[in-house]
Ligand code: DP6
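We begin with a single chain expressed as structure tokens, specifically the form predicted alone.
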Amino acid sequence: MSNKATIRCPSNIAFIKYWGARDLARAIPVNPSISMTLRSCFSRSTVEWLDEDGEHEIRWRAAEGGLETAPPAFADRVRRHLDFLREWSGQGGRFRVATENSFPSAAGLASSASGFSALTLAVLGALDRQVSPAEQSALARLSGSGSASRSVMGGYVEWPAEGEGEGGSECHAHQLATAEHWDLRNVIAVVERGAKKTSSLDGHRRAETSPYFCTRQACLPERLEAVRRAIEERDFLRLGEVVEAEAIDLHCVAMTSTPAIFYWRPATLLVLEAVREMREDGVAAYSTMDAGANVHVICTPESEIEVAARLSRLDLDLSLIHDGVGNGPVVEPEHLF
């Protein structure tokens, strides 16, 4: 007997960042985070449950276009999560998995968030298990990708730093507002498509070695409240100022950790300067970055075309992804295998 499900799950961009964990294995964060769920950057995962003994089969979409055996480091993370979900469900058997991304992987664009949320929801579908959005979030988080807890929901999402239950099992995200509440756009300047040298997991491990870590933590209560209010009131100026400052602080922590992590590249700085110049000319746009060199330019629908045009004119080898706030995961009828 077998059962198969395919889920498309979006990435997200954090306005208030998850950086530093109280329990990295269970992805229990030091501080709350808030994000915007995207729509164009997504992962698609097909999971088949087989009622038989054996090893899980894990494949991913290769650059050449076909499905191939996933590399060991990625496959090991997926296998551990499959084992956990199998134990959680009380179900025997094994899984076949295939996954693909619509955007560069491991490049600081939250591919682990979309990938592990899609994997989690596809496993639940293959097992025919119906659980609440809160439990979906907690299960995705337990993949080890904390940001996956936010990608199971659409719109604007907050992930608190604490939760009840053994091992923080109820530490899950909740929706602040739907995508329809506020139509924001995100023009992503991809200046580095390859995998970053230092993973986000290593960044979380090093975060508290930074002398700037506590300074950022002290700023967060006010920032969190400002972002909540900005989303509620659709106040772009308030949101943009906080989001841009928060992104710079994340990278200050990374750069002052031991050993130091330098995610920025020369092209990153040129894009950041271009966004500042746009604002001086009256273009509604603010920058943010996750743990990587690529820059997300958050803007209004009216500014999206101008933002993209100005970024395209930079003397840089970059590509642009047009994205924006999205509605979250989708069940797809066509499978990857």
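All values reported here derive from a predicted model rather than from experimental measurement. Residues carry their position along the shown sequence, with the first being 1.
Below, we refer to the form predicted together with the named molecule, which is not included among the displayed structures.
> Given the named molecule in the predicted complex, answer whether the residues 77, 146 and 291 all have a heavy atom inside 4.5 Å of it.
Verified in the predicted complex; spot residues all in contact, yes.
> With the partner removed from view, which of 225-233, 83-91, 147-155, 174-182 is the stretch that lies within 4.5 Å of the named molecule in the predicted complex, judged by heavy atom distances?
Checking each option against the 4.5 Å cut-off leaves 147-155.
> Check whether residue 186 has any heavy atom within 4.5 Å of a heavy atom of the named molecule in the predicted complex, and answer yes or no.
No.
> Please determine whether residue 200 contacts the named molecule in the predicted complex, using a 4.5 Å cut-off between heavy atoms.
Residue 200: yes, in contact with the named molecule in the predicted complex.
> So in the predicted complex, does residue 14 come within 4.5 Å of the named molecule, heavy atom to heavy atom?
Within the cut-off, so yes.
> Quick check on residue 204: any heavy atom within 4.5 Å of the named molecule in the predicted complex?
Output for residue 204 is yes: heavy atoms within 4.5 Å of the named molecule.
> Considering non-hydrogen atoms and a 4.5 Å limit, which listed residue (99, 257, 112, 137) is close to the named molecule in the predicted complex?
Going through each option in turn, the one that passes is 112.
> Quick one: from 250, 243, 121, 142, grab the residue that has a heavy atom within 4.5 Å of the named molecule in the predicted complex.
Spelling it out, the residue with a heavy atom inside the cut-off is 250.
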